[in-house]
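The data below hold one chain only, encoded as structure tokens and taken in the form predicted on its own.
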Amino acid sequence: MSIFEYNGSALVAMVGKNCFAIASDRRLGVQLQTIATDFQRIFKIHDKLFLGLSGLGSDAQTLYQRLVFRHKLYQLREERDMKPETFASLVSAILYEKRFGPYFCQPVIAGLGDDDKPFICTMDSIGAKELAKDFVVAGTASESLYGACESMFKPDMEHEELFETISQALLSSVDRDCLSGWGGHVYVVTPSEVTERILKGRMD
């Protein structure tokens, strides 16, 4: 078993019309044994920027703390929030400088940039970015998430339809992966509000 699969995870971000959604499962396991059913994988950097970290749970929390520290320094120096593109470059640089002993994480970054244009991207554990205009996935359930998102996604969805789509994609995908699941956690972000919802899923 790969170290990335040790705790299990499922992460997906999807773009809508001037909005985006990011969702994760809630299971923390040690291989096939479930440890917690309310584990947080999605973190708020600021009102229009969210970060999801799949992979090893302990590395995810360490990396998140480093990124919050660097973002606060940026806010103090620049007196503004970081753009999603800038933050993606920061995450990539932090991962790449540890490339010989990497953080075992696959980040998913989602945010609203200039003119409230949604930005999503993911990267591997050494910071190689993959940009997308529709959706990005990460974690142990990524293969089934690709299939569900490919079939369900359509461009320019409004925020309610986007929530429905990403939720159905997540729930149907984690049912096909025994290392992730136990409900879901969904954020839908528009220029004016952030909606957070907890999904109930199969508890096995």
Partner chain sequence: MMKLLTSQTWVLASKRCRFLLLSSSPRQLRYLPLLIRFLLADLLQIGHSVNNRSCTCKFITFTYLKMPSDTMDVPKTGFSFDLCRRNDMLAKKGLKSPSYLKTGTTIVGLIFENGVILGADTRATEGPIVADKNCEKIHYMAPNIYCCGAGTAADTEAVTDNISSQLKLHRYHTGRESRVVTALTLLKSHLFRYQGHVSAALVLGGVDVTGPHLHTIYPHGSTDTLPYATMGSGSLAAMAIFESEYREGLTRDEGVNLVTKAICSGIFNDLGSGSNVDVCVIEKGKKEYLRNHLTPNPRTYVSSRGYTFSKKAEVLLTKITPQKELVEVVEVGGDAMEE
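The structure displayed is predicted, hence computed values, not measured ones. Numbering follows the first chain given and starts at 1.
The discussion below concerns the form predicted in complex with the partner chain, not included here.
Can any non-hydrogen atom of Asn18 be found within 4.5 angstroms of the partner chain in the predicted complex? Because no heavy atom of Asn18 falls inside 4.5 Å of the partner chain in the predicted complex, the answer is no.
Within 4.5 Å, heavy atoms only: does Leu28 come near the partner chain in the predicted complex? It does not: once the partner chain is placed as it appears in the predicted complex, Leu28 has no heavy atom within 4.5 Å of it.
Against the partner chain in the predicted complex, would His71 count as a contact residue? Criterion: heavy atoms within 4.5 Å. Output for His71 is no: heavy atoms all beyond 4.5 Å of the partner chain.
Partner proximity in the predicted complex: Met152 to the partner chain, non-hydrogen atom cutoff 4.5 Å: Contact check for Met152: yes, within 4.5 Å of the partner chain in the predicted complex.
Those residues of 183-204 which, in the predicted complex, come within 4.5 Å of the partner chain by heavy atom: Residues within 4.5 Å: Val189, Thr190, Pro191, Ser192, Glu193, Val194, Thr195, Glu196, Arg197, Ile198, Leu199, Lys200.
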